[in-house]
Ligand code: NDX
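Let's start with one chain on its own, the form predicted on its own, as structure tokens.
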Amino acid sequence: MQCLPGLVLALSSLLGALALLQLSLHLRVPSRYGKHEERPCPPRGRLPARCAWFLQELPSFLVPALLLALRSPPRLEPLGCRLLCCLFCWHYFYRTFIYPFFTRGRPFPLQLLFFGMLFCIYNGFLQGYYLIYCAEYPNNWCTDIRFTSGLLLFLLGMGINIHSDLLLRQLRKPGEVTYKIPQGGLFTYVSGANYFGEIVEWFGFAIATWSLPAFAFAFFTLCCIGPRAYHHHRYYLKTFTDYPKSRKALIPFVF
């Protein structure tokens, strides 16, 4: 396999178009799972949350690993390129092998799981293919302001995301499926603290890689989970009369 710049451009452009499609579909109407389900799916039409999250996120970890295994000789030079690939795989190692076994979410619709897996295969290929076969960085990329600032944003966003997930898990006792008001951490300021963290994380990754595929993915993340944070915020305001009115939906003090 060799680097095809036209393929990278086409796949990145398609990802940007999918982002706009997601935004148009879910800006007014939320994706129908979790707290936004209108009516429960039949048991045969869903999987337990832990199994569903594992299956959905697994391709984003396996596809780049497979691309690297197929590359002969292995190409991840210089050090900056290796670190960037590790950041992507690190996130999805957590999402695949750690997060699912602690989540207490409701069973997940098979239809959404299928589309989620397709996206993870697609994006895992795009990001992995670019970094392993196409990316070219100078030897001093690790000291470039784009790499260092992007890395800091990535780590900050991932920290916010993981901490917010922990706070959400602590809201429920084992076996509970009722929704409660999130408290603590960045939830003091926004309803979608976990989503805010993930958006910051992937924009940090985009800055660190300074690549079209990564910016397209960051834009997709914003268009996909940004509206969900907004709908979560509206749900909380509608459901809980004592919900803090000073909280914003996604961006502290702004929106």
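Only a predicted model underlies this, so the values are computations on that prediction, with no experimental measurement involved. All residue numbers are counted from 1 along the displayed sequence.
Only in words, not in the display: the form predicted together with this ligand, which the text now covers.
The three residues Phe154, Leu186 and Lys248 each lack any heavy atom within 4.5 Å of this ligand in the model of the complex. Shown without its partner, this chain lists Leu83, Ile121, Leu112, Cys134 as candidates; in the model of the complex, only Leu112 has a non-hydrogen atom within 4.5 angstroms of this ligand. Residue contact check for Tyr195: one or more of its heavy atoms lie within 4.5 Å of this ligand in the model of the complex. A residue is said to contact a partner when one of its heavy atoms sits within 4.5 Å of a partner heavy atom; Phe88 fails this definition for this ligand in the model of the complex, lying far away.
For the chain shown alone, Arg71 is not a contact residue for this ligand in the model of the complex, no non-hydrogen atom being within 4.5 angstroms. At a distance threshold of 4.5 angstroms between non-hydrogen atoms, Arg172 is in contact with this ligand in the model of the complex. Using a 4.5 Å cut-off on any heavy atom, the residues of 98-115 that reach this ligand in the model of the complex are, in sequence order, Tyr99, Thr103, Arg104, Gly105, Arg106, Phe108, Leu112, Phe115.
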